[in-house]
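The chain that follows stands alone, in the form predicted on its own, written as structure tokens.
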Amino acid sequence: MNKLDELKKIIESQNDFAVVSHTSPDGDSMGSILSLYNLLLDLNKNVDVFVEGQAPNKFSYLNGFSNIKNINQSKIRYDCLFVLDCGDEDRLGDCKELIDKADIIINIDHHITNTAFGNINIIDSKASSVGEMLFELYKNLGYNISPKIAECLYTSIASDTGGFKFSNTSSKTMRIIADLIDIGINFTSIYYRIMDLKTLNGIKLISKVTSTLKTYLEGKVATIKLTKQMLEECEATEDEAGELVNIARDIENVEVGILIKEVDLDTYKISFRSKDYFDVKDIALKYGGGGHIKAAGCTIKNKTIDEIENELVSEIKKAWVKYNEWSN
């Protein structure tokens, strides 16, 4: 039995499902989990959808957002757990305990660093997003994609392709987007919400974060920093921090952008983005993280923010030799 047949058998024979993605969920993870949540509801299944902490409010327009649960609201057991857009179990954070509460683990992901921790692993590192993978899975399984599911999938794909401008956007991606638009979604409103909408406090936060900007390696690397104090001073939320790392990456002549974000005492989340050729995934892997060639992340503890900045720049400089950009 191939994976597709096995997956359909599980969906149709089981009744109690849980759906989860990685900590600090982005548009791909939010769109993916809520698309599957809505699909399983349409199939008359019992389903709980989980996010660690607070779900980003910018995705509150998606159907099912108000039904998202925290781990302390979970059942004792589930027939099946879907883990979406998550490279390894540790990235689930507190929701990792769902792994032990489910009889079957289905792991669907597009990260090349995925550790294949599921009973069934569906991994496609060439896919632009998990949303793109789910669209094809739903179609191949013969399931109807309703407008509410289409909105979730559009959100997923548009988010992880940077509004269809990243190199992971393929002709297949755009054909899927065309199919989703044909279903009847208000794609212009969704695009605005996920790509352009900003709050006043969010703009104030951008001003503070950009004031920390530094460049290195002849202007090829740019770093910015976000502290909890900045969030408090701007009365901003993590949600309003958004994809600040893109500000560093999008500067003319910059190849690698780095955001160092304080998440707790002596704990920092690092986001890497590259523009054309540098593999930031390799840097993230050195610190137990992962991701894609042009978008990756990790967490570093027990160092100051300045120590982390200097160390990351040093690691990038050492790695740059293979790109023949610097040799000293």
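Source: prediction; values computed, not measured. A residue's number is simply how far along the shown sequence it sits, counting from 1.
Omitted here: the form predicted in complex with guanosine-5'-monophosphate. The next part is about that form.
K.L.:
If the cut-off is 4.5 angstroms on heavy atoms, which of these, Lys275, Lys269, Lys69, Lys45, is the one near guanosine-5'-monophosphate in the model of the complex?
P.N.:
Of the listed residues, the single hit is Lys269.
K.L.:
Counting only non-hydrogen atoms and a 4.5 angstroms cut-off, does Leu40 reach guanosine-5'-monophosphate in the model of the complex?
P.N.:
Although guanosine-5'-monophosphate is absent here, Leu40 would stay clear of it in the model of the complex, with no heavy atoms inside 4.5 Å.
K.L.:
Cys298 near guanosine-5'-monophosphate in the model of the complex, any heavy atom under 4.5 Å?
P.N.:
Residue-level check for Cys298: yes, a contact with guanosine-5'-monophosphate.
K.L.:
Wondering, does Asp124 line up within 4.5 Å of guanosine-5'-monophosphate in the model of the complex on heavy atoms?
P.N.:
Asp124 lies outside the contact set for guanosine-5'-monophosphate.
K.L.:
Is there a non-hydrogen atom of Gly64 within 4.5 angstroms of a non-hydrogen atom of guanosine-5'-monophosphate in the model of the complex?
P.N.:
It does not: once guanosine-5'-monophosphate is placed as it appears in the model of the complex, Gly64 has no heavy atom within 4.5 Å of it.
K.L.:
Thinking of guanosine-5'-monophosphate in the model of the complex, which stretch from 87-95, 196-204, 229-237, 149-157 has heavy atoms inside 4.5 Å of it?
P.N.:
Single hit among the candidates: 87-95.
K.L.:
What residues, if any, in 19-46 have a non-hydrogen atom within 4.5 angstroms of guanosine-5'-monophosphate in the model of the complex?
P.N.:
If the 4.5 Å heavy-atom criterion is applied to guanosine-5'-monophosphate in the model of the complex, 19-46 yields only His22.
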